[in-house]
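Just the one chain here, the form predicted on its own, laid out as structure tokens.
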């Protein structure tokens, strides 16, 4: 197994947040579990639908699954401006780019209509808003931003999962939501700010436990996974200045966890290094 490289993120916008992940070890190559989950040469490849793929972790997820031979439906809010994603689609014939603003119900309905009757082996609810520290600090709380954060981080993944539940059930597949260690009461410590993001991810965790209860009898595994501290624009904008994984490392590590997950897993939030995050 190769040790994941960590980068130092230097944003300089605010005091650093505590390092959430250290010493993460994963292979960037496909594992045996991933190979078992991928389709064999004489059958149709599995399908993954991913939200928020224009950059960051979502883009890395799209590339990882495309390389593994999956049929990748990569959605984003502005496909015409998603240069990196469009370049990826030009490279991989098994990757298609689709319009989806996760906060718009009409977009979700249109996407569900386009894929009506199509089995979806994996739905990854990746799109999220982190926001900056000043707008999420006491004395400067921006409640319009709070509404937007909840709309993207909580309402959208639940609404999309509800709309595509039949597709995932048809494949006996999995629905994933990307959570965060900052949603944990246990890990909170002395960390300040990020009210909106932390509250949204805590709400997401609760919603996903309820979703698991409803969908497990239908043969759908519902998973919560945290990517760890990842060098993305969102993280830099938050003011974090510590060590971080690359997007490729985080996506590969999470893909391994997804591949190994079964219907009987308890559905607890799992960090990219395999640790169960305390609630």
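Positions refer to the first chain, counted from 1. None of the values given here were measured: they were computed from a predicted structure.
There is another form of the same protein, the form predicted together with a small molecule; it is not shown, and what comes next is about it.
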Just one of 194, 88, 152, 97 has a heavy atom within 4.5 angstroms of the small molecule in the predicted complex, so which one? 152
Wondering, does residue 115 line up within 4.5 Å of the small molecule in the predicted complex on heavy atoms? no
Taking heavy atoms only, is residue 170 within 4.5 angstroms of the small molecule in the predicted complex? no
Would residue 220 sit within 4.5 Å of the small molecule in the predicted complex, counting heavy atoms only? no
Indicate whether residue 55 is a 4.5 Å heavy atom neighbour of the small molecule in the predicted complex. yes
Candidate spot 111, 161 and 214, all three touching the small molecule in the predicted complex (heavy atom, 4.5 Å): no
Please determine, with the chain shown alone, which of 115-123, 77-85, 162-170, 133-141 has non-hydrogen atoms within 4.5 Å of the small molecule in the predicted complex. 77-85
